[in-house]
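Presented as C-alpha cells, the chain that follows is alone, the form predicted on its own.
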Amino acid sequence: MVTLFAVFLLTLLVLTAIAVVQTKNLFVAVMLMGIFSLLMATVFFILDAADVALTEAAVGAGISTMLFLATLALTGEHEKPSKKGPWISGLVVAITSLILIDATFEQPYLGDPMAPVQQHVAPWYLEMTPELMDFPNVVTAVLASFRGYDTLGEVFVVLTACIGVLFILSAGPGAPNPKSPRIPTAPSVGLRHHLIPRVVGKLLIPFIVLFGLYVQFHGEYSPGGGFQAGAIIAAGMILYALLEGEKQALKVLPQSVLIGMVVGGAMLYGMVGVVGMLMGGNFLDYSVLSSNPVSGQQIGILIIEIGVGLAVCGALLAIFHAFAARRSVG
C-alpha cells in the first residue's frame, strides 16, 4: 500500500514538474512549485525523514513561495519568449537524466540492511547517541554534534547568502532611498482591510510561532531543530507582515534586530566552540561544558541550535523585507 502511494506521489511530482516547465504564467509556476514542495515533504515523511520533511514544507512551500511572489512583484507575471532554440537545454536535461538513471542502478535498495551505510556509519550513530547525548533523535545528534563542523559552515553560508542578497537588493534601480519618503502601497498596508484573511491569520500566527518554539526546544526528542524552527517562525512573521503591513511588522522586529539575529546566531554557534577550547577541549567539543559529559553535550547542542534558529529566522525575514522595501518605493 505504501509503495502504491509512493508511486502515485512520484507520478504527481513528474506531472507538476512538467506543468511548471510548460506554463508561461509565472504566478502559476510559483503556485505549482509550492505544490511540488508539499508533495516532496509528503515523500520525505513516507521515507521516515521527518526532519527533512519539516524543512521542505516550511522553506520550500512556505518561505520560497513568498519570496518568489515578492520577486514577481518586481518583474512581471508572464515569461518573455526566448529567441534561442530549446534544443540545447533539452539536450542538457536528457543527458543529465540518463546519467542520474544510470547512477540509480548502482545504489542499494531502500532499506537494504546490507547497504554500506547500514554496516558502518548508521549503527555507530545509533549505538553512541544514547550513550553520549542521552536523547533519542539521532538526526539532531549527527547534525549538531557528530557533524558540528559541517553545520557551522552551513550557518555561515546562510549568513553570507543573506549579506549577498541584501547587497543586491539595496543597489540598482528601485532600491530604497533612505532620504525619500516611502509610498504606502499594498505591501506596506497589508491585508488589514480584508476581514477573513486577517481574522484567520491572527488565529494562526500564535500557533505557528508556538509550534516553531516547540520544534526549536524539542528537537532532541522529536523531529525538528534550529533550522526548521527558524523557518517556521519566519513564516509566521511573514504572514503577520502580509496581514498588517510591512511597516507594522518592522516595528515588531526592526531590520537592525534581524541583522543582529543573523550575525549573533552565527557568532553564538562559533563561540560555543571557542569556549570549549578555553575549557580544555576541542573546538565544538561540548562534553567539557559541564562536569558531566552527557550534560555538556546537551547544553552545547541546545545553545548552538538556538544560534541556528536565530540565524535562519533573521536571514529569511531580512530578505523578505528587502524585497518588500524595493516594491514599496519602485
Partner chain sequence: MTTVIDILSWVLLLAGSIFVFIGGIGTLRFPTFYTRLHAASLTDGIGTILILGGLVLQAGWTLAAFKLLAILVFLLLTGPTAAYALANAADMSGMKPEENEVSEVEK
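Positions refer to the first chain, counted from 1. Values in this document were obtained by computation on a predicted structure and should not be read as measured data.
This next part talks about the form predicted together with its partner chain, which is not shown.
Comment: 196-204 is the region of 160-168, 248-256, 144-152, 196-204 lying near its partner chain in the model of the complex, near meaning a non-hydrogen atom within 4.5 Å. Although the partner is absent from this view, F156 stays clear of its partner chain in the model of the complex, with no non-hydrogen atom inside 4.5 angstroms.
Residue contact check for L132: none of its heavy atoms lie within 4.5 Å of its partner chain in the model of the complex. When contacts are judged by a 4.5 Å heavy atom cut-off, I208 counts as touching its partner chain in the model of the complex.
In the model of the complex, at least one heavy atom of Y214 sits within 4.5 Å of a heavy atom of its partner chain.
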